[in-house]
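Just the one chain here, the form predicted on its own, laid out as structure tokens.
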Amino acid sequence: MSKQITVPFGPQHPVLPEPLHLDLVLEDETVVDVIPSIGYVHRGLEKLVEKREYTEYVFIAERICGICSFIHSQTYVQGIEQIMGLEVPERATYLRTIWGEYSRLHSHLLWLGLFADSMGFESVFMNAWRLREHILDDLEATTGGRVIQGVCKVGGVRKDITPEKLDEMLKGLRGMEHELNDLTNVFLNDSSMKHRLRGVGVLKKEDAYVLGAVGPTARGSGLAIDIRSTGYGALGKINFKPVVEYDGDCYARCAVRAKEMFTSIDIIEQCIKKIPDGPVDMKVTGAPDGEYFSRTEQPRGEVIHYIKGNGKKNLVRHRVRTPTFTNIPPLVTLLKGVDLADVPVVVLSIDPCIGCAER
């Protein structure tokens, strides 16, 4: 019988963009058990609702994560607006949806680059991040920020986009599609990629459901769960279908993200063609009195902001359940039975964001 040993993985590791720590229990080179440990970057952001007015706290909510920052702010303000019964201008909902899908594009391109880097594909890594620069340039041109946009507010958005700029953005995205096709073709059809990803880190559909997997981790296992289908923002007026794969392995999760980029471009195009004229914000008076679970679809999956107010300028409670935190139990299942050499690839296949997970 092989002797079991425990090997620490992280929080500092060449392929980890963030400090996730796992104790891997090995028999020879095979992982038989995983003990996750988080808490290295806990910042106490949720506690700050007691010290910041609810209108100011949107900037803190946005800083929960640098990659999906805009969608955090959107989720937070949508919760406040629901409690207060605010009718946000329709144009603002379209702008939020456009910026949200831009955030998804830049997050997926960042992840594709890191994923390629974990397997030694340096040129693919650089090409993915080169394309991501075009997305960040458009975000900077329309919001003023490349990573933290600061454009969402209770009652709408702080900036508008001119029709000319919207047309320019659409042309730029359509021009990128050919290069995106070339990039995703490497991930989906290259024999070396397939060898590293197919059949590795399998999460069965039943396990994905029971363990509460969300986002591409769930959709890669055959669960058609996408909170955008609830129609928040302007998505109720947009036609799209969630991207679903069924093999549940690293390749399937990669394929979901690769194909979702084209879905995001299609959503942005529909928004640009349908966006109405009108104001982008409204005057807000009073303070939230009540509670609400606000849900949106981040690049990594469903995020929930629980918001509770008592009619005063400071909220009583703000609790965030992020997709990475939800996907850690599925990750433990994914890793059991894989070779030690495949652990970095399997961990990155859920696109972990520990800043999100620890708030």
Partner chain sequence: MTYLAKSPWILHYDASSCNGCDIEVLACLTPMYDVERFGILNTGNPKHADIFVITGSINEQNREIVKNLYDQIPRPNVVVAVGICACSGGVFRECYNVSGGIDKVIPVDVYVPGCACRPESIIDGIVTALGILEEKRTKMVLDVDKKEHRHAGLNPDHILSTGGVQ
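Positions refer to the first chain, counted from 1. The shown structure was predicted, so the numbers you read here are calculated from the model rather than taken from an experiment.
Beyond what is shown, the protein has a form predicted together with the partner chain; the following relates to that form.
In plain terms, the part of the chain that comes close to the partner chain in the predicted complex, with a heavy atom within 4.5 Å, is 105 to 113 out of 105 to 113, 274 to 282, 251 to 259, 153 to 161. Shown here without its partner, the chain carries 31, 205 and 222, none of which come within 4.5 Å of the partner chain in the predicted complex through any heavy atom.
Screening 174, 241, 195, 130 for any heavy atom within 4.5 Å of the partner chain in the predicted complex leaves a single hit, 130. Among heavy atoms of residue 121, none comes within 4.5 Å of the partner chain in the predicted complex.
The shortest heavy atom separation between residue 91 and the partner chain in the predicted complex exceeds 4.5 Å. With a 4.5 Å cutoff on heavy atoms, residue 26 does not count as touching the partner chain in the predicted complex; it lies far away.
Although the partner is absent here, residue 67 lies within 4.5 Å of the partner chain in the predicted complex, judged by heavy atoms. With contact defined as any non-hydrogen atom lying within 4.5 angstroms of the partner chain in the predicted complex, the stretch 260 to 297 contains no contacting residue.
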